[in-house]
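So here's one chain in two forms, each on its own in structure tokens, numbered structure 1 and structure 2.
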Structure 1
Amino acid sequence: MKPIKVLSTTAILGYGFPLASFEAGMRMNPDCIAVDAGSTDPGPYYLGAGVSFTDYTAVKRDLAIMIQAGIKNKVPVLVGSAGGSGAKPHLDWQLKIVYEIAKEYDLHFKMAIIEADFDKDFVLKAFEEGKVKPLHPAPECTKEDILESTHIVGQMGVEPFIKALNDGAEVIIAGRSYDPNMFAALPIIRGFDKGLALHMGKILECAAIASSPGSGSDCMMGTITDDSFILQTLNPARKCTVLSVSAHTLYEKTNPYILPGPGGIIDLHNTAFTQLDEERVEVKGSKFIPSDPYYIKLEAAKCVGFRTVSIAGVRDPIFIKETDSILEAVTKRVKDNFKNLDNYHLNFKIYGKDGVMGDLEPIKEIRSHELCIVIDAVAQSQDVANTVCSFARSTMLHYGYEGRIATAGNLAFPYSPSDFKVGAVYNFSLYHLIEVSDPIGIFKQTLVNV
């Protein structure tokens, strides 16, 4: 079979890419242009609140370049996890950008819109039938988790993308998707090995991160053949190496040999990496093993309160030495002052001590000459969060610790006002697998002429 070339533009739509890299990729005559637009990495807020974590103007810039090139060269453009989290509000946000691009550049094309939202009643019924199970380390699902979720999405497999391409879509904008889908769909249609296609997609979804030096804001080309796929960067400043590509194969995985996804796993036990030349790496041996039944990952978030934070700097070596006891005393003072408030959480993140790793930090002795303390209050209302944060901040500012010399204030505030009302706080409420019988029909798909 004739090899298929897939151009990956950037790690996440809106992260940008050098135009020179993209143009180098287009000169290689790719068979499709694809990008992953989302992730759960930024946390549950964006899914729960229905907003994008990427910038409108930045996404529009990237997508305008891609769609114009796709239409001009008659190759499909595929976008997955639209708007970052892939729920209906994110999909609509992404579609608004697409329609603006079409109008501004006078483009005409057939577009497939694939929704990833799951109805709560459908999920509840599956839950009651025992078809919803936790994805480690998530806890068991409850009825309340489902009902309290603001948006529930399913991470669709490659099948809806294959249907859209077979229906003649020139542009595909899909909700929450398995990361490799956009890159694997066309090769699978053309008869290439599914395991190789999905493994190639898993690497291409992060674009040039799998190169050396890696970058999420640069392009990558994948070429699939009968028994392998080949990766190469499109920027002379970067190279694909066996180390960079194999390392990225281990990226975001709990098992080095198994990559689970919708409807099965990619088995990497016999995968081999070969350096073809200075810039290209060939990958062989990856296999897809289907599962029975077919599982899709559910993602959802629910509002758990409201947050206020205050950021302060500390420079006094005596305060730094006594940090743990001071924070303990401040916490106790807040609790004593507001005995009637029991439904709040007060946390301190201390950068320069253990702000990144918390209790897992192996270095216990503070070696910093200064600390950044983030006072973090979460409560059931914004007013209560404001109160707790404000009182903790003022108490720490004037707390009299043993050995203190200056009494004008213990903290330095880089901003005025010192307290920031963050607003609603979300937790993931669903990170579970759901058993489905139809991996295509479960996702609403619409074909429109733009």
Structure 2
Amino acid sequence: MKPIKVLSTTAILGYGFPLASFEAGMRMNPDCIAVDAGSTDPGPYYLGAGVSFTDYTAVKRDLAIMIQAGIKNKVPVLVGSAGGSGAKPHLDWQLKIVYEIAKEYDLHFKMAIIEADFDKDFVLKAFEEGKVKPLHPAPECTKEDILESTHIVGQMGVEPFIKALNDGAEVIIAGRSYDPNMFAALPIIRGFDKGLALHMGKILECAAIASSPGSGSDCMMGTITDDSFILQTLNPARKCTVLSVSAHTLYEKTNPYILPGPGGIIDLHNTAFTQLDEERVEVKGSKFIPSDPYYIKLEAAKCVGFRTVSIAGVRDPIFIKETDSILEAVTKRVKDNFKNLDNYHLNFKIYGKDGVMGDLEPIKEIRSHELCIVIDAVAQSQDVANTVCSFARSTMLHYGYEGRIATAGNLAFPYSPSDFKVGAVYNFSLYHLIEVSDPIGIFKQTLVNV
């Protein structure tokens, strides 16, 4: 078969790419232009609150270049995990950008919109039937976790993308998606091996991160053949090496030999990476093994409170020596002063001690001459969080600790105001597998003329 070329523009839509790399990619006549727009990496807030972790202007810049080139060259443009987390508000945000681009550049195209939201009643029913199970080591979920989640998304497989392309979509904007879909859909339609197509997608979704020197904001080209796929960069400053590509296969994976996804796994036990020339790496032997039943990964977050933080520095060696007892005393004072308040969390992050690693930090004693203290209050309302943070801050500022010699104030504040109202705090509430019978129909798909 004629090899298929897939152009990946950037690791996350909005992270940018050099125009020269993109143009070099377009000169090779790619068969599609694809990008992953999301991740759960930035934490539960963005999914829970329905906002993107990427920037509107930066996303618009990247997508405008991609869509213009796609329309001009008559090749599809595929975007997955729209708006970062891929729930309805993220998808709507992404679509607003697409419509703006179409208007500004007078572009007309067929667009498939694929939603990834799961109805709560549907999930609840599946849960009650035992069809929702945790992904180890996530805990079992509860009915409350499902009901209190703000948005529940499922990571769709490649099938809805295949349907959209078969229906004639020139642009696909999809909600939460398994990362490789956008890169694998066209090769699978043209009859290439699903294991190779998905493994290629698994690497291309991070674009030039799999090259050396790696970059999350540069393009990468994947070419799939009958029995392999070939990766190459589009920037002379970067090269694909066996190390850069195989090392990327490890990245963020528990077991790089078995990569689970919607409807099955990619098996890498027989995968071989070969250096073709100075810049290109060929990969062979990856297999897709379907699962029965078909599982979709659910993701959701719920609001657990509101946060206020205060940031302060400490330089006094006597304070530093007494840190643990001071924190204990401040915690106790807050508790005593507001006996009617409960259900709040007051934590201190002590940079210079264990601020980065917390319980995992093996070094227990403080070796630094200065500390940064973040007073962190989370409560059921912003007002209570403000109260707890403010009182902890003022108490610590003037606390008369053992051996104190500097009586003017214990903390150095870099900012006025000293306290920051962070707003709603979310936790992941679902990271579970759900059994589905129709991996296409469950994701609402609409074809529109833009």
Partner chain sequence: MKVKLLDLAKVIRSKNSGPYEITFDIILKDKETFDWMVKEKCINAELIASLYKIKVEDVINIIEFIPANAIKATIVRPMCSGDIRETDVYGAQQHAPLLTLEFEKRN
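Nothing here was measured: the structure is a model prediction, and the numbers come from that model. Start at 1 and count along the sequence of structure 1; that gives the residue numbers used here. Superpose the two forms; the largest set of C-alphas matching within 1.5 Å is the rigid core.
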Just verifying the output here: the form predicted alone should be either structure 1 or structure 2. Which one is it? 1
Does E205 sit in the same rigid part as T54, given that the chain moves as two such parts between structure 1 and structure 2? yes
How large is the turn of the smaller rigid part against the larger between structure 1 and structure 2? Whole degrees is fine. 6
On a rigid core superposition, how far has the CA of D324 moved between structure 1 and structure 2, in Å, if you could check? 2.9
Once both forms sit on the same core, give the Cα displacement of G403 between structure 1 and structure 2 in angstrom. 4.2
